[in-house]
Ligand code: KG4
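Before any questions on how it binds or moves, here is one chain, the form predicted on its own, in structure tokens.
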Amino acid sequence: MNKASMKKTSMNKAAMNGPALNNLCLAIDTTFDDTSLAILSGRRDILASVTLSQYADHAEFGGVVPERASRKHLEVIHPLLDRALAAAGEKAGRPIALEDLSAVAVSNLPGLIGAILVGMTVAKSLAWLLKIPLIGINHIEAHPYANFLVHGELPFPLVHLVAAGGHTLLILQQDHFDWEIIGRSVDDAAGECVDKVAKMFGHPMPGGPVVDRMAMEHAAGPYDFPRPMLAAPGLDFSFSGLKTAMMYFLRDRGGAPPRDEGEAGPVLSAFFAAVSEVLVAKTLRAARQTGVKNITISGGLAASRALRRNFEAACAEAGLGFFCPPPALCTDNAAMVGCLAAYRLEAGLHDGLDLEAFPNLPF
């Protein structure tokens, strides 16, 4: 079957099924080191969500090794697909097979190119085999949809903060598919900075949960770390200087970090207070400058209890609506990809088998 006839077949199948909310979509995300698959019925009914994290596989290297990540995705993606189908069938009360799928969605940017291609190869193969629409998803655009999954339809316009290990971005969204990045980190992402500082204190990846616990359980004490670019008038971020400040802090105290939690806790609490203040202040500044009344956050760092607490207090004081997803939907997951894909499918937006992978955002 040639490309033109295949595209026509997919369009006919989509038209026949229509935008009914019981359509089943398989979503795949392999943009970084998590292999994640989800099966959604319509926009928000998650029948299955399975994710395998590779942190243990990369721990000895102190970071993710791209080639190793791609190989791990190859090893686990088919067993995870079987597990997702079984979990969906259990929740639906009847067996769910590949033939029951109405569409397949996959993140095709940004991320590790080899890792992305693993997910895309599986998605394209299923789209061709089952003659169902293929939907390419921008992983960054999908992050805010973790909030749509749990909060339903949110009032546009919105300011989204994506705070993750690889990205720190402020997004202004006017409507579905109508969004722009209005602020970003000029160097390290906030999550990357937190992971690297946690590593300085001897904690393995991911460092976020450890630092968050320290921030919740310890007062900052006498320590104070810089708030990079907080006074700058724009909406961009910078966190590499904060990481460097911690390196100098430890150097001036003999080079070795305090191992006792009673000593390390206040230091890490003060460090995270600086990260949190910058994130909250810049996000609220974006809301003021754009006149937006509602804020959402997502990304791995958004799982932080301390960060959520600070956002809740700041938004309440400013009279802004605040939405965040549960921690399980903050990190990379295919459910948010499936949610965005459902909106795209309902709008008649899907892709051909010539869909390409890209490691970077195009803007």
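When you see a residue number, it is the position in the sequence shown, counting from 1. Since the structure is predicted, the reported quantities are computational estimates derived from the model, not experimental observations.
Not pictured, yet referred to below: the form predicted together with this ligand.
- Across the options 159-167, 70-78, 286-294, 126-134, residues that bring heavy atoms within 4.5 Å of this ligand in the predicted bound form belong to 159-167.
- Put simply, of G111, P144, G191, P228 only one has a heavy atom within 4.5 Å of this ligand in the predicted bound form, and it is G191.
- Taking a 4.5 Å heavy atom cutoff to this ligand in the predicted bound form, the contact residue among G207, G89, G183, P266 is G207.
- Not displayed here, this ligand is approached by L301 to within 4.5 Å at the level of heavy atoms in the predicted bound form.
- Within 4.5 Å of some heavy atom of this ligand in the predicted bound form lies at least one heavy atom of T331.
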